[in-house]
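Shown here is one chain on its own, the form predicted on its own, set out as structure tokens.
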Amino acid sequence: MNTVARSHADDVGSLPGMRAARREAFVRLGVETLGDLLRLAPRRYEDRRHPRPTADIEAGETALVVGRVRSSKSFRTRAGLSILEATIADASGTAIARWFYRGFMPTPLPEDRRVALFGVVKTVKNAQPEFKSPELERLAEEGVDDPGCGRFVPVHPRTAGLSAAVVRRAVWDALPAALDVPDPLPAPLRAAHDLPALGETLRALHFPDDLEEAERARRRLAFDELLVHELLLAERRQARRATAAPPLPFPARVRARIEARLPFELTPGQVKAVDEIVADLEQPVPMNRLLQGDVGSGKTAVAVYALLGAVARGLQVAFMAPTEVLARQHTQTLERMLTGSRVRLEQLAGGRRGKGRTAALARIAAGEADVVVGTHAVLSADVQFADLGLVIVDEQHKFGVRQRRELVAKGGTKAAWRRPHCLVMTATPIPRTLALTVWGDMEVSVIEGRIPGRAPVETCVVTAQEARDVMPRVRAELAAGRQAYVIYPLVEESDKIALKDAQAGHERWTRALPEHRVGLLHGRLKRDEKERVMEAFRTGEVAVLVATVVVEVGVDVPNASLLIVEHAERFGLSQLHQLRGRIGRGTTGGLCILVDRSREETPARLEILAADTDGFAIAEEDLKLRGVGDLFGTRQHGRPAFRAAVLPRDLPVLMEARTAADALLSEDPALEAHPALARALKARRSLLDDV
């Protein structure tokens, strides 16, 4: 093992053989220092403890061969493919290995060089195993410890320009720096949770003696990550409790007036959520609550309940939605509910310009607008409230942490020392086991059940061949005056991946349905064009909307009864469930057709979606399949992306970390006795505040 003295703070470029291009590749992995590199947890391990004699290997085996290069050559085929071929000899015989390249001619391996081959044996001819593109390790001479042979070998995350062997060698060379990494966990805390010291953890993480040791090391790093995350959440909760907000009492007479204005009787699930929100609003500290509700559960009515309570106390409400179409939809809903009331409603979206916007800003600043509904435009510096008491954010995952804080910070000119209450809503069901993990700085309300009267949506999975029979159903729905969505995974055709795309799909559907208007919606359109297309679909001018997942969030088109998802095998279950929520919003029900073009047996997970309409149960299954990062987009919008922690598997570790975080902050609120933890918390705070 390399024993050169190195520090964890050294740049990764200080390692042997680290050319500029290679360093840039490491930076793309999030690795800039040796400390970063040592925390790059392997994705898996390969058992390369025992080389196999070439004479004993059979076709189809995964085998490790250690020997010397007897011969090697490079040549180019007529098709322009370059091939590197090598014969490797050990004491029992020889093996052949071939590697394939396009665009350059590889250099032959030096004769008599000691190497290791690891991979699947394609064939065995004349007792000579043949490998196709095996992992190649250039080994030191016998008797010298090597990172790629004779052990459980780590396979790390990698990127273009970095092979597994290159990353492994870099980690091997950086290992001496592990002794220099300051351990943020005090010894008593490590002992209480049976955690190894950090230096030993980093060694065992990459080059363990056995897989149990590797898992123990991963668990230690998972605890570190989750502890810092829980410290941050605890810090935010404490800061909120120390901030003043206007208490909003809801006496019986106010509640009776609000309920009389709602167009329907609240469901038991809505009543429970309302009670939880009211209990928060009556306190003199800012509410910070997440309202979860599956598609069709009635979140907007619950939000309106809170909104009317704030207006009844003479306070303003900001209601923010991610798109102008959604903002307009919320405005229309509020106008219907508030007909005949004295509530003054103002709409503020990015498309509003000139004198109209100036006049609206003046009314908001003077307190002459009770409820302001808008998009990101509400965050603009020129938007000033007189006395903002409640902020409602719809589809919160479309907004970052910083954006929500900017809106909450607009407390108003009458009471700048106060902060408004905050209610954020999501139609993305978060598994109950993870709600407090992903949104641990918020209280969580869940609306159980659906609004009575919503017609059911049938879901079926069809193969590519069966999809040819879908057109008659589409024509029948359109003939009945209803509308349809067709969803594609790509905007346009790709050379890299063979998937159907929305632009070509739009052309096909336009040709197939000449008597109907077919719209196209995707993320590359300009905002105004997106809004026009979506508005045309909402009003019925467009009969079929061909789109990407840009329609996943919230637009209400009750007349849409049919949803077709192309390449459904490419989508997560929760995403498909959200897409399915675009139909069945009226009284006619709907049909969701998932087209599976995987050319394999229908994935069992798609059948889960066809059999279940409970978004929370579906999210639990999706979580098991894809992980928390992919499921909730936690690498965006201010939510944590963990390297070592794997949720929900590490929920027990999370609970230990939460307990430890609370204990640490109660004893040492500023973490003065734990400087390494304080630095880690500062870095985490900076990372999430920038999102």
Ligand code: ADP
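Predicted model, so just to flag it, every value in this text is computed and none were measured. Residue numbers run from 1 along the displayed sequence.
Unshown form predicted in complex with adenosine-5'-diphosphate (ADP); subsequent notes refer to it.
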Assert contact residue (adenosine-5'-diphosphate (ADP), in the model of the complex, non-hydrogen atom within 4.5 Å, options 265, 275, 368, 466) equals 265
Please pick, from 410, 299, 580, 289, the one residue with any non-hydrogen atom lying within 4.5 angstroms of adenosine-5'-diphosphate (ADP) in the model of the complex. 299
Residue 451: heavy atom within 4.5 Å of adenosine-5'-diphosphate (ADP) in the model of the complex? yes
Could you confirm whether residue 294 comes within 4.5 Å of adenosine-5'-diphosphate (ADP) in the model of the complex, counting heavy atoms only? yes
Given that the partner is absent here, does residue 240 sit within 4.5 Å of adenosine-5'-diphosphate (ADP) in the model of the complex, heavy atoms only? no
Heavy atom of residue 556 within 4.5 Å of adenosine-5'-diphosphate (ADP) in the model of the complex: yes
Name the stretch: of 105 to 113, 534 to 542, 266 to 274, 241 to 249, exactly one has residues whose heavy atoms fall within 4.5 Å of adenosine-5'-diphosphate (ADP) in the model of the complex. 266 to 274
